[in-house]
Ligand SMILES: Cc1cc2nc3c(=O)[nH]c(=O)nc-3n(C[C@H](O)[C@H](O)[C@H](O)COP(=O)(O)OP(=O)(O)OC[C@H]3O[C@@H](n4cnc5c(N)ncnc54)[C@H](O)[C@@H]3O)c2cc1C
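Before any questions on how it binds or moves, here is one chain, the form predicted alone, in structure tokens.
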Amino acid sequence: MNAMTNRIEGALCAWRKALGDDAVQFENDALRVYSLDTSDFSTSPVAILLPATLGEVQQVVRIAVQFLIPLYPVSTGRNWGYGTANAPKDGCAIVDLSLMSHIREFDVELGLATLEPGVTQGVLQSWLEERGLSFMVPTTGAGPRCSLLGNALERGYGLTPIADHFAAVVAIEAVLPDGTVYRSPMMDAGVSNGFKWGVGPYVDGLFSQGNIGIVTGMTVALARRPEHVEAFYFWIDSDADLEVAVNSVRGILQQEGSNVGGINLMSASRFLAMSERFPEGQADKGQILAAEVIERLARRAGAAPWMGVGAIYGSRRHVAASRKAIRSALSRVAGRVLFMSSTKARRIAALTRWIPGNRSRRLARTLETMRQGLALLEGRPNELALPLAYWKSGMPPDRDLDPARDRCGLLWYAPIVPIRAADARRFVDLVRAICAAHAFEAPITLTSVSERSFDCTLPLLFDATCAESARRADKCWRALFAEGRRAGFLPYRLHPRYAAMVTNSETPFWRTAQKIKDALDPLDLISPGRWTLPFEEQAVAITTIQKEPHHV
């Protein structure tokens, strides 16, 4: 046996002794599940490790140091469209933290929840309901089975009042590459006061989209459920009115402040991808729907060239005042504005029972979609947005949606776009042209993450079982990135296969990041290749370190 095989077998033996046989998986079937993705990207892990406690994570790391086996941590492994549970490189042991699923503490007065990585949106929702606690789960479109901690570390966002999920993080606990435990300064002092920054340099941010440790706990601030939540929908009847709509959205956000959460501007093709099936037999043939077909289908489904969705939070008096201001702000551009609460939706649903035929069924379907959308805006997780991944990949199952397992094709392109009319138009025209050149629709959503910035989520949707479609998707993503960067639109988040496209050792930022990584993880054992040189290419740099003995 060669040295690498000896190291792997030695590590597996030590991990089984530390965690138990059931928590160390290395059979082909188990490894295959963790190598699935919503693209043709796939890496081969050497083992799956399932620690259940902080102490077990420390043992996992110390054994990895002893045997020089790189680790790749995931919270629940459901990072669909961004790599799922795949490590950036072959040869890693996947550290699946989903068994760490405790809500360690909850401060009702301050609204602070200390969560482990396996706490999902659905778990937190059930926990709050069982205790009658009126707080909102920071929901996303990924569904109730996805990790809150993982999404916050990836700087995910939502439409509830705290739209920026990492902004809500006030403390972090992590295991460093030498097996020691890091805690935020206030947490380390035994203080729970909700102050994010502590004293001294702000180190917590290094763990956000980072590769210097394994985060095992996080304290997040939750938004309280307000007296009233009301969604608003608006229809932009011409694509030419996008610029006016963007200015109107910015005005609403600037004027209404925290009374309004994030606002979505959704293109017609995005609405269709979330609500309709792609025409039979065309998904894997490089055929795209013509713009006029998309608009016609969207109008038939009750949409428009652009749809707007947002929510108002506050007392009934606050909501009433904001409703009036929003209606006024949209009066110049929206063909229709609709305000909807859960109570109103239930009343309308009851009335539809008296309407005969297809009209009743269409209305009932629209109301059900609105009801689920309202639930997300109210901080109640569901799978409303997840069928998007199945647009060109067959019918989604009735429940337990899993786009990677079901071989859906999905790659997210997610750049930041200033909330300026000219920038939004320039961006939309650019990505539509690039997507069309590669035979993809451009299902764009622009979501406000502040009064200054949109995050664009553009899913490249395809049949992942078709090698040619997957190849085109990869090529299209690379073109979007290259042309977008030249135009000043940079992604806030990306699939690990594209990390090398953003790192640049010549810039002060990446030089600094590399120095921190080298200092804390000289063996490059935590998430190798995520932002740094691949593990194999670090051989020369770590040769002298390997000469020294390492012990558990």
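Values in this document were obtained by computation on a predicted structure and should not be read as measured data. One-based numbering along the sequence shown.
The same protein has a further form, the form predicted in complex with the named molecule, not shown here; the description that follows concerns it.
Contact with the named molecule in the predicted bound form, judged as any non-hydrogen atom within 4.5 angstroms, is confined among 423 to 431, 407 to 415, 289 to 297, 176 to 184 to 407 to 415. Shown here without its partner, the chain carries Gly310, Val319 and Arg371, none of which come within 4.5 Å of the named molecule in the predicted bound form through any heavy atom. Residue contact with the named molecule in the predicted bound form: Gly77 places a heavy atom within 4.5 Å of it. Contact annotation: Ala329 falls outside 4.5 Å of the named molecule in the predicted bound form, judged by heavy atom distances. For Cys146, a non-hydrogen atom is located within 4.5 Å of the named molecule in the predicted bound form, even though that partner is not displayed. Taking non-hydrogen atoms only, Leu388 approaches the named molecule to within 4.5 angstroms in the predicted bound form. With the partner removed from view, the residue among Gly314, Gly141, Pro396, Pro305 that has a non-hydrogen atom within 4.5 Å of the named molecule in the predicted bound form turns out to be Gly141. Between the named molecule and the residues Tyr82, Phe135, Phe278, Trp235, the one pair within 4.5 Å by heavy atoms in the predicted bound form involves Tyr82. Heavy atoms closer than or equal to 4.5 Å to the named molecule in the predicted bound form belong, across 480 to 510, to the residues Tyr492, Arg493, ordered by sequence position.
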